[in-house]
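The chain below stands alone and is given as structure tokens, in the form predicted alone.
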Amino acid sequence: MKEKLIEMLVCPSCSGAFIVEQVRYEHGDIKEGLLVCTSCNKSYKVLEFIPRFVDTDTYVDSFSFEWNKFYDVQMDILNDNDESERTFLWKTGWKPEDMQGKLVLDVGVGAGRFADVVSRWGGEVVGIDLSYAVHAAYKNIGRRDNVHIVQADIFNLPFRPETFDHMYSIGVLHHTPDTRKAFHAVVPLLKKGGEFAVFLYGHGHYHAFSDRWRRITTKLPITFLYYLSSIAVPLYYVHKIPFIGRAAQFLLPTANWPDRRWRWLDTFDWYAPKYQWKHTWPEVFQWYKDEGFGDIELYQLEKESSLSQVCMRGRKM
């Protein structure tokens, strides 16, 4: 943990300021320590460079497994491509100049694919996650001066109101117990005039079958489902067969990325999470309106996808 992060943090119980005790440094950062609230005296550990505001990953254990197993798959810097950067562009509408010099909150950092983009675009990014994906994120980008990784609960985040210039949550809010409440929980952290971009699953015809499969897959042991999801690797070639391929994809939807690791990852990502809500764009648009946002924009996809998606951004008025 970098010392400058301490100034951004407050106690999630009482909003008091922190002092750091029992500090052990490594490479100039706080590797181990204790964040002690000066108001209520509650304390939180810093372990392996990451401040921890939760004791368990509760309902997101599949993501703890997923992002530490597939930590490198979607990282542009580790794969010599710009897939995540292009995805960030068309899911948020932001350009590099929009991030320059801004303090940005990544709500659900995962392995850090989009925080990497914001960091390279000149923003200072704080990535939060309830899961132990924070280990993968720190491994990938955590040593950068403009990156901070925090393990915390989206419904009880340790930041003062109006801390961040911009915020985004790409593919995360719909994996919480209540997407609308998760949206509401983070809005106070955004400054007036700041922008909040979200990507959420929408309703689509493929969900009819995948949702039935999920009644089974979400109850399977995670390791077993991990190996079972590898069926997406050979099915990629089956899906290229006329008529048969389309039928197979409809009855058992799997990811169809050319990269075999990516389609394995995305298939596991679809069938493993405990929660997976779907929403419509008018519904999400109303959330923005109810929370006092203006300049609300809906972003259309650049390419066809097997999943209906809602990509929206608004400005806090």
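Start at 1 with the first residue shown and count on from there. Because the structure is predicted, anything quoted here is derived from the model rather than measured.
Quick note: we don't show the form predicted together with a small molecule, though the next part is all about it.
Scan Val117, Met167, Val172, Ile141 and let me know which has any heavy atom within 4.5 Å of the small molecule in the predicted bound form. If I apply the 4.5 Å criterion carefully, the residue I get is Val172.
Can you pick out, from Thr217, Ser229, Gln74, Thr179, the residue that has a heavy atom within 4.5 Å of the small molecule in the predicted bound form? It is Gln74.
Taking 4.5 angstroms as the cut-off for heavy atoms, does Ala197 touch the small molecule in the predicted bound form? It does not: once the small molecule is placed as it appears in the predicted bound form, Ala197 has no heavy atom within 4.5 Å of it.
Partner contact for Phe268 in the predicted bound form: the small molecule, 4.5 angstroms, heavy atom: Phe268 lies outside the contact set for the small molecule.
So, in the predicted bound form, is Leu130 in contact with the small molecule at a 4.5 angstroms heavy atom limit? Leu130: contacts the small molecule in the predicted bound form.
With a cut-off of 4.5 Å between heavy atoms, is Gly108 one of the residues that contacts the small molecule in the predicted bound form? Gly108: yes, in contact with the small molecule in the predicted bound form.
I have Tyr59, Arg113 and Ala152 flagged as a candidate spot, so tell me whether each of them has a non-hydrogen atom within 4.5 Å of the small molecule in the predicted bound form. Checking in the predicted bound form: Tyr59, Arg113 and Ala152 are all within 4.5 Å of the small molecule.
Go through 39 to 47, 244 to 252, 282 to 290, 66 to 74 and give me the stretch that gets within 4.5 Å of the small molecule in the predicted bound form, heavy atoms only. Selected stretch: 66 to 74.
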